[in-house]
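Form predicted on its own, single chain, as structure tokens, below.
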């Protein structure tokens, strides 16, 4: 796989696919490590005098965090001058791309606003943008498991290479051997975690932990409504829970405050936001016995400090007992930033990293070879 070191990109119009996807609370974008670290490749392209066009996404259609990238542009501008264009394949974007000068940077609108992003091939996105571009750089390892236009289609029509973040991820993962390690699986995408239920001991938390608890026969009450779009996973989970430990207590929000409830106190009318102190104690005991640990996603809703207690306690335990650690997931990375812990490798990826560990080939990497 080629990298930025293999090409002279001076005066070339470069399409950079990066990952700026971050937490959004009440339509407000929160600062994130993904945005901060994406700057490394952007600055190098600027230094190389390339004309940089950035494609990125935020959230998923119909989800509450599915917003414009205008706020992302403001955060990027703290590190490097970026012009935001509220357009992707229209005349406005075309004009701005054609007028780019060497070293200048454009950020186009959320690529997932276009349905063709989810239908890779020679679609409108490709037909409109390819004539304006000279080169493609993928710096979004975290989306390389997706067969989407901005990941798998552009490399078929343009000279291409990996950006520095993607290059760094792949190099690190090649060195990592985590066979028979302890998996701590949380985050907001529980469907991904099922791929790793193959025999290793698992500490379940986040939405995944809640679903596993339901699969064991527990009714949460109000929380079931928040999980309704994920309940289809219950049937799959029931057959795979032999080595999965689930929470024995949870933290709920009552009048904007944290309150902990034992599992036996459910069903409850309150929404769950974190694991409780008894679960934290049990999970730390398992961490002490482990030789290696892979943690994917936070244990709770870390955008609110009150509900990051479980995540921070687990992270502290991993570093305190000096276990070999691979940490993955953009949201978990934000918790690490506030925790200031040290790990063997910290990945900005969630689903892509998990699939890589599970032995799957990632379409976004395959097309770069």
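Numbering follows the first chain given and starts at 1. This is a predicted model, so every value here is computed, not measured.
Absent from the display: the form predicted together with 3-phosphoglyceric acid (3PG). The rest refers to it.
Interface membership of residue 223, defined by any non-hydrogen atom within 4.5 Å of 3-phosphoglyceric acid (3PG) in the predicted bound form, is ruled out. 3-phosphoglyceric acid (3PG) in the predicted bound form is not approached by residue 51, whose heavy atoms all lie more than 4.5 angstroms from it. Contact annotation: residue 149 falls outside 4.5 Å of 3-phosphoglyceric acid (3PG) in the predicted bound form, judged by heavy atom distances. With a 4.5 Å cutoff on heavy atoms, residue 309 does not count as touching 3-phosphoglyceric acid (3PG) in the predicted bound form; it lies far away. Listed residues 28, 342, 70, 60 were compared with 3-phosphoglyceric acid (3PG) in the predicted bound form; 60 is the one with a heavy atom within 4.5 Å. Only one of 278, 112, 128, 258 lies close to 3-phosphoglyceric acid (3PG) in the predicted bound form, with a heavy atom inside 4.5 Å, and it is 112. Here the chain stands alone, but in the predicted bound form its contact with 3-phosphoglyceric acid (3PG), taken as any heavy atom within 4.5 Å, falls in 52-60 among 38-46, 52-60, 298-306, 312-320.
Residues are counted as partner-facing when one of their heavy atoms sits within 4.5 Å of 3-phosphoglyceric acid (3PG) in the predicted bound form; in 13-27 these are 19, 21, in sequence order.
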